[in-house]
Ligand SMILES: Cc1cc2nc3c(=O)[nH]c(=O)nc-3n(C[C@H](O)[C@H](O)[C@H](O)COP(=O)(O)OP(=O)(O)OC[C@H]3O[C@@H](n4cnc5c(N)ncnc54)[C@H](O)[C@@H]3O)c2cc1C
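Quick setup: one chain, the form predicted on its own, written in structure tokens, and binding and motion questions come after.
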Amino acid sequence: MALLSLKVNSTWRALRSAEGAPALDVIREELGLTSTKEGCREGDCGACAVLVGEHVGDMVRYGAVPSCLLPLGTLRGKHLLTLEGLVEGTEDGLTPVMRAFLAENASQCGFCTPGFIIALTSWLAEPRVPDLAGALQAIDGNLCRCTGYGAIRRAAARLVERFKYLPLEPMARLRALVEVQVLPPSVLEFAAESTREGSSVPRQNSETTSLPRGEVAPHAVVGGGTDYYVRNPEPEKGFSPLLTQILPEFGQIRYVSDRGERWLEIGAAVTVRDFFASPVVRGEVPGIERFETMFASTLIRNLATVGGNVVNASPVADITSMLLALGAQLVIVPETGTEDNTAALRLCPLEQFFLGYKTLDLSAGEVLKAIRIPVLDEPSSRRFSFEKVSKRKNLDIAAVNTAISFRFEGGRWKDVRVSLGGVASVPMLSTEAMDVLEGASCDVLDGKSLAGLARKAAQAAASSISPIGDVRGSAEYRRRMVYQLILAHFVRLFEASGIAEELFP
């Protein structure tokens, strides 16, 4: 088994563990760093959070991720920071984040505290102006069963007040945080080093990476690991899958031209966090960043991949719903030729990719490399909205979700696409609602006519589905939610028209 080199706190280590091993197990058992706790082992509690640093272009960035879902192999050449590493070089064994917790009595049993410290340290490392909303969003994936969260909020507020003047330039930010001992000196050491493995990591040789046609492979290809390790928390010894996140060509966001059309291509290994943060994605789909927090927690978004959300084949996958409405196509390539090989790639419209429940149009030896979104001549003309309903307001799987994308041409609806999730065995398009809207005249300030059109589209969508009931909602509940969520799209997109008052007098 090949050695895997990474920087662990202040020391470069060569590990013999399999690349598919959950990082949590290696951190605690092989490295003996037991401040990282094992909690839910599903990425829901945050007790196992660690900081991961990586070289991105000419800069270094750090992000908090749940190590229980983190494939060890994705840490190759990166910097792993645990609580033991954070306190290196501190005067009294405490960082300012820890002191804020101590001052506000924000730690009681202490089991969850390491994860909160890691998450808030990651938040301070982001080149943004600190505010309380950002701090609370950073810890939205961390659970505490003792404090009631009030003390944790006060600790976060202390940090906001103290660090509100941090520099915004990324490297200046890291240097400032090292100077005040929020981050250890090993951060600057790592920034000055080139990764031991170089920028192009060779693919591992695995005999388990072929994908039988029509089946979702149980363990062959792993993106962020946020689905695989929930279902397989203790993979077999020596598990060494194809890890898409270590393949540079799977992590790009770029423009491509193909067959006379222009596309925005998003690599399958792009994280959900990077997808929503990308200025290019935001430029092509104005307002899409508003929906980021509707997808899981910050910790999960830092790890989960766009491609993983698609091939997971969940009928209620949030990113899939958005991409369906945006008219996405999938770039599928032979696993043996994942580099740029245009002759070998196959394009598949996203709506044709799902053949049945958890069944995909993916042949043996094929892998999803990227997702393409059609580029408009005037991106600002694209209107987009996403809605979901779940048992909890946040951090929950949807019972029903839906997205809509369209533009106006000559005062009429054009290129309308409406997606529905949670109403069939696969994510789907509502062609009935699309037919109602396509070509319809529209005065964006006429709330009354918009309300009438909204009701027609909502009724068309709701009456055309035959959902089933389960623990997240009955069939009738889902039908009603489709109706209401279509109306919600109109309220969100045409707020200035007064449509809300027309629909809900």
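Start at 1 with the first residue shown and count on from there. The shown structure was predicted, so the numbers you read here are calculated from the model rather than taken from an experiment.
Omitted here: the form predicted together with this ligand. The next part is about that form.
Asker: Check, residue by residue, if L51, V87 and L177 all come within 4.5 Å of this ligand in the model of the complex, counting heavy atoms only.
Answerer: Looking in the model of the complex, the three residues L51, V87 and L177 all stay beyond 4.5 Å of this ligand (heavy atoms).
Asker: Out of L323, I117, V221, A155, which one falls within 4.5 Å of this ligand in the model of the complex, going by heavy atoms?
Answerer: Going through each option in turn, the one that passes is V221.
Asker: Considering this ligand in the model of the complex, which of E438, D446, E30, E42 comes within 4.5 Å of it through any heavy atom?
Answerer: After the contact test, the surviving option is E42.
Asker: How about G73: is it within 4.5 Å of this ligand in the model of the complex, going by heavy atoms?
Answerer: No, G73 is distant from the partner.
Asker: Is D396 close enough to touch this ligand in the model of the complex, meaning at least one heavy atom pair within 4.5 Å?
Answerer: Looking in the model of the complex, residue contacts with this ligand include D396, since a heavy atom lies within 4.5 Å.
Asker: Would you check, heavy atoms only and a 4.5 Å threshold, whether R231 touches this ligand in the model of the complex?
Answerer: It does: once this ligand is placed as it appears in the model of the complex, R231 has a heavy atom within 4.5 Å of it.
Asker: Within a 4.5 Å heavy atom cut-off, is G422 in contact with this ligand in the model of the complex?
Answerer: Because no heavy atom of G422 falls inside 4.5 Å of this ligand in the model of the complex, the answer is no.
Asker: Which one of these stretches, 376-384, 403-411, 425-433, 287-295, sits within 4.5 Å of this ligand in the model of the complex when only heavy atoms are counted?
Answerer: The contacting stretch here is 287-295.
Asker: Taking this ligand in the model of the complex, which residues of 349-363 have any heavy atom within 4.5 Å of it?
Answerer: Only a single residue, L362, comes within 4.5 Å of the partner.
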